[in-house]
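Below sits a lone chain in structure tokens, taken as the form predicted alone.
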Amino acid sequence: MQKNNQNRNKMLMFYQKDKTFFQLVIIAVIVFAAVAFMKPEKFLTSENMLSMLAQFPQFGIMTFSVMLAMLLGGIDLSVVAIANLSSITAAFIMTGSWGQGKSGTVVILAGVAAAALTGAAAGWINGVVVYHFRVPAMLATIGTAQVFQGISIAVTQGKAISGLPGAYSEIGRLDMGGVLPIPFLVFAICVLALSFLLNRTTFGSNIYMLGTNRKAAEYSGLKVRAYTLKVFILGGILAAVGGLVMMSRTNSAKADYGDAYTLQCVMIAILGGVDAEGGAGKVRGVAVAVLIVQFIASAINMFPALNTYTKTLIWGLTLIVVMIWRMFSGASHRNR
């Protein structure tokens, strides 16, 4: 009896510490059950489950990039543009004359490295504009998004780059034992790595401190400039990883792929409990929110009568509902 009481108390303490996570899990279960009830013959199939596991990693990883900027009290609206620019850089290397005569593995690794460097450089530019020029992150990244997309359009002339190495294209379709697609494994690695970084390191603690009270962080001797640049650089790298996953799924790279993901990433981050004022939010909450949005997206796709414009309306209304719910639930206020 005493042991049961202790376990119950531990569960209660964990719930009180992170109510948002438990609320999101409940919502995920409800949404899953609702979609399964409406379209069981389409939703509850192994093919659909594998498809969902392969679909959400690309925008899920980009959401973590948005999350990092929000932890500092801003919003990064350039993640999709960075993802496309990074994937285009990788595609040029993988399909260019440089790779002729070299092994496919070397070419692919070079492309991935170039994409990561491109994402890091784009993130650094965002950080410089936000910190040195004191431009609000949302406005700064709206501008840089146009610049990054403009560069992508200029170098590709608005065309898609295809003809990627077969081994790379297979990554988006491969799975481990018919259970876990490779894109999902990449997403899981990002979740674990970012969770460790934010929750188990001094770097993560300082990010939360900086987002909670910037002046107090400055007075405590925290190097605000360095942390701001590092956060945006890391966000740029995550955006690049999302772009690489998207490229493996589409077997090509283009300047306007995933345009709708910007709205979804912001919505997922807010739904996942990330405080738009900074200093609060957890990776696990965002990960569950990604699943919820994927369930909703799958439900929408199962109704052919819903055209592109209707889907945009649904996502816009969903974002408004999510923000209202977060505001009135009070769960977003410094839930760390």
Partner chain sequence: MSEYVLRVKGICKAFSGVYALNGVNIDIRQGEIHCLAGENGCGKSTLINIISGVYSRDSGEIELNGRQYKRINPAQAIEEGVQVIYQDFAVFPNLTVKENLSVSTMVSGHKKIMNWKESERIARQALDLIGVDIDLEKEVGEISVADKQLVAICRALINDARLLIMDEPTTALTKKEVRTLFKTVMKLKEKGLSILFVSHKLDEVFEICDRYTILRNGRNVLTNSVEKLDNESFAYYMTGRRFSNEKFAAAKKGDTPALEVKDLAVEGAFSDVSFALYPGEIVSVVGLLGSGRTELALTLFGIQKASAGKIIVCGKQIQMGQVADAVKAGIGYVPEDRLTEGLFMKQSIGDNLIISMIENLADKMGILDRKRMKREKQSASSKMKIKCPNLEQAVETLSGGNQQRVVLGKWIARDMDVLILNGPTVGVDIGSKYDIHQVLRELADAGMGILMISDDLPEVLAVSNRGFVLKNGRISAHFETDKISAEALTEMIGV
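Numbering follows the first chain given and starts at 1. For clarity, every value in this text was computed on a predicted model and none was experimentally measured.
Quick note: we don't show the form predicted together with the partner chain, though the next part is all about it.
- Think of it this way: in the model of the complex, the partner chain has a heavy atom of just one of 215, 102, 134, 159 within 4.5 Å, and the residue is 215.
- Put simply, of 184, 257, 261, 208 only one has a heavy atom within 4.5 Å of the partner chain in the model of the complex, and it is 208.
- In the model of the complex, none of the heavy atoms of residue 146 sits within 4.5 Å of a heavy atom of the partner chain.
- Among heavy atoms of residue 168, none comes within 4.5 Å of the partner chain in the model of the complex.
- Contact between residue 222 and the partner chain in the model of the complex is found at the 4.5 Å heavy atom cutoff.
- A residue is said to contact a partner when one of its heavy atoms sits within 4.5 Å of a partner heavy atom; residue 199 meets this definition for the partner chain in the model of the complex.
- From the list 59-67, 296-304, 273-281, 37-45, the contact stretch for the partner chain in the model of the complex under a 4.5 Å heavy atom rule is 273-281.
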